[in-house]
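For reference, the chain that follows is the form predicted on its own, supplied as structure tokens.
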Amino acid sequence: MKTAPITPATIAFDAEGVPHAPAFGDRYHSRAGALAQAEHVFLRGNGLPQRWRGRPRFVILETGFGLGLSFLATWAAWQRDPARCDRLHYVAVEKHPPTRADLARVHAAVLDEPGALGAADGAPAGVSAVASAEVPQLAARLRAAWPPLTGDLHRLAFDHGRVELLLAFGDAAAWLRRMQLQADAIYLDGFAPEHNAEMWSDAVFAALPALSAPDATAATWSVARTVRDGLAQHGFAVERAPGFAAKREMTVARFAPRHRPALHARRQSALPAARDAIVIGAGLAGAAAAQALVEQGLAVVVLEGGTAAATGASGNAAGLVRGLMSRDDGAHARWHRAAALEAQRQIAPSISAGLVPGRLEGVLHLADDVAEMRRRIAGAAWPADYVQALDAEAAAAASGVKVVGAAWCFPGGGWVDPAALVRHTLAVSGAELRTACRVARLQRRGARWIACDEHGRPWAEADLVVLANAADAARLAPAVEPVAGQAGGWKIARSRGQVTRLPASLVAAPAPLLPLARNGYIIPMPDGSLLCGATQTVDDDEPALREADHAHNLAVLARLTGSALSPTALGSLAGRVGWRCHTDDRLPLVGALPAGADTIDAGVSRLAQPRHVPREPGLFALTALGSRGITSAALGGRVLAAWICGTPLPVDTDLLDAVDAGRYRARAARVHGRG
């Protein structure tokens, strides 16, 4: 599904200093105070903070993020509550998000002015309890993490991951149909129905039952009949409650449907009560999975068959982090855009602190027609902090070398040392790493999984297992079995890649300032050397360096920069060989594994959708990251952990279908159905 362009909000101030939207002819909040309104309507209207107390997780869904003031009020209330839930998940949709600059301008006016945090005359007593000195500090943290305005689901983490904000930029009805979560409380917000009817449409209300937990509540400042009827028609028991400030009444509701929506197989495979996990493989995928699961509260053991972490494809000296441009903005481009943004958010602090070698100061991907590139950027309204189209002169200025042609510039991209990233991630995650532990097979004991060596002796036991061991995952996964004679197993290939390390003494001056890419890449390293690569040959097990592959990589250097080296230097060049694991559609395998073929009725047509494929209880995968492992690992780990723990998924359901570890089983069922 092509991503819709995002038009940023236009924000002005009325005569009383209250921010409003000229396009909608309405204010962003009551004149009596934004934070006080949020506390009275949304927190108290949903029984908070009392309802989240003692819970491991609590999920809030907001239908209009606006300026983020309701989120800030909720975050402040959570921080102040000593009996708060362990983890707060806040999911919000916003069609017209503000720019970072506008957010700073409005926050300064609304939060930093004397008296702005207190309740005005006429507000109910005590509503300003949330309005305290820390709110401007929280607002500054929100602004610092504010993402590029792309039509994606952006994950922002605060307070060591215990507060997670998922921001969906785009149309509310479209997003709500494509989300997977179970909201405990719903903030129905947005401009008044008479000014913005689509925010209060039947399509919005119709999406809420599938997103509501059994004990969900909802609240809104509006008492319009369309709002009350919309809730009532879709399973909510609706009541009126005292309103805020000058509004006499507001609406509160409780989810009480006659029939509960059926859970599809993906939700049924979640293990929200899981206590511990085994992750097999200590590369980029395994480290990302372990970190995400530990942050969800699980005890994690990582089993690595080698003598150290990151000895496989994750062991190169450097690798790229960047998004992807395509004409159709299909699943491949959407996944790698969302993954790049998540990877940059996770990796940047470690690089800035000097804990992991790397630079996230931009990547140039060379192209041909800058006019066409700029038309594509304008048509999709891609923001400049995600991607820019540079002509050859601008690309040369940015790179410091005379590049061949125009270039896509990804300002937030860059390079990182993947092995150092893996080691650092595992060290700080709290997961236990055990090396020289090759898992020969998996066994079930009741609801528990046991990872065994070749003699049947247990390495570890846990509630669930994550296969993050690249192509070797297929050996342990029942998902590779065919369904009714169809090729329903994973389509995984293993390809050899060789990189070349060109020493500074052989680098023609000047060296590139930024990484360059196009059918290969060049990465300038801190010691003045260049990392050039990489070759790709399928079903090639040769571990030794090849001069022919060095020649290929130097040809990449010449093609991207015009610099050429004499072939006589090839025999003395350093490099590394590794093996990538990738699928035929170049997307990773993420999530619960399909159940064994002998447990499935292949004639069931509903198996044609990945979300309905039956799953092997407690067995999950994060593998086949391909040549973009650094980019994909962080988002893949978060998707996997959210799936396992039943928390809001950080990608939409269409994109999840594209990377689902059960998608090949679904494709086989479709072929079988047609046959």
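Computed from a predicted structure; not experimentally measured. When you see a residue number, it is the position in the sequence shown, counting from 1.
What comes next is about the form predicted together with a small molecule, which is not displayed.
This chain appears without its partner; in the model of the complex, the one residue of L149, L557, A185, A534 with a heavy atom within 4.5 Å of the small molecule is A534. The partner is absent here; in the model of the complex, the one residue of R444, R438, R143, K402 having a heavy atom within 4.5 Å of the small molecule is R438. Of the stretches 491-499, 74-82, 386-394, 229-237, only 491-499 has residues with a heavy atom within 4.5 Å of the small molecule in the model of the complex. Using a 4.5 angstroms limit between non-hydrogen atoms, R580 touches the small molecule in the model of the complex. Although the partner is absent here, G281 sits close enough that one of its heavy atoms falls within 4.5 Å of the small molecule in the model of the complex. When contacts are judged by a 4.5 Å heavy atom cut-off, A289 does not count as touching the small molecule in the model of the complex.
Using a 4.5 angstroms limit between non-hydrogen atoms, E304 touches the small molecule in the model of the complex. Judged against the small molecule in the model of the complex with a 4.5 angstroms heavy atom cut-off, the residues S314, G626 and I630 are in contact without exception.
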